[in-house]
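Let's start with one chain on its own, the form predicted on its own, as structure tokens.
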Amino acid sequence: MKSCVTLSLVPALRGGPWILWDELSIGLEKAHALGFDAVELFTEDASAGKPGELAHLLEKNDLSLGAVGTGAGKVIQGLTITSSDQAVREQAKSFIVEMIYFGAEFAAPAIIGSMQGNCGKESTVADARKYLGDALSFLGEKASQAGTFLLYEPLNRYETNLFNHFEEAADFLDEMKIEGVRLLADLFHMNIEEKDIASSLLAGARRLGHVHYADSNRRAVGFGHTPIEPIAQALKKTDFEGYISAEVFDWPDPESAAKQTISSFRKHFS
């Protein structure tokens, strides 16, 4: 397993759950200095810095790109793949395809979290899940063709009414025979929804592709009350080799949150 820290390049969204908020070169330098293996990027669109800059900086700082977030498509543009409006769904898929290709240049997956949307008043749960399944099938194929995979993130009940439980989402992907898609296990969401996070991880391990390493209060692990050791043991049992990525608030400040994260990672996974 490899350590990863989040870096947001969207100043307008400062205050969200990302640790580093600097300009690209400074953020990558900090990630390297703090001892992380990779960064997870949150950008407004399918770009970061000037052409060629990201590749150069990743190599210079001995870092990998762990994943790219697509949340700006929802937060800034209002797009979701389960909208009752077909035109919006198509725009959402086009945005995500661009992010898939962006990440694939670095063998990194794109994440579908908030862009999954909700079942609203204008569609049934069955409709919304069909839209979701159709989109994930299409996007998973695009990711596979690009040489990577797609990440789908079950969220807590306050953020989506589609899938809130890890194993249920894994079953959905299997039942729909969706290829090229893995699950993102976000420990913050799981702390709200799962009876036993470790057991849920083991039950859906066949689809596990990425972990968001966050405590019960969305702060760095160790600043809340989630018991991490059984979760770490479960992840080791699955032989998971992906990224353990800190998508957390920069509390009390970015450097402290990052240091707490890497310290906790080394304690539980080294």
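All residue numbers are counted from 1 along the displayed sequence. Just so we're clear, the structure is a prediction, and the values are computed from it rather than from any experiment.
Although not depicted, the form predicted in complex with a small molecule is the subject of the following passage.
The small molecule is not drawn, but in the predicted complex it has a heavy atom within 4.5 Å of L155. Proximity of E159 to the small molecule in the predicted complex: non-hydrogen atoms within 4.5 Å are present.
Proximity of R218 to the small molecule in the predicted complex: non-hydrogen atoms within 4.5 Å are present. None of the heavy atoms of P254 is located within 4.5 Å of the small molecule in the predicted complex. Partner contacts here mean any heavy atom within 4.5 Å of the small molecule in the predicted complex, and among 185-193, 170-178, 92-100, 127-135 they occur only in 185-193.
Exactly one listed residue, out of N164, S200, S114, S123, brings a non-hydrogen atom to within 4.5 Å of the small molecule in the predicted complex: S114.
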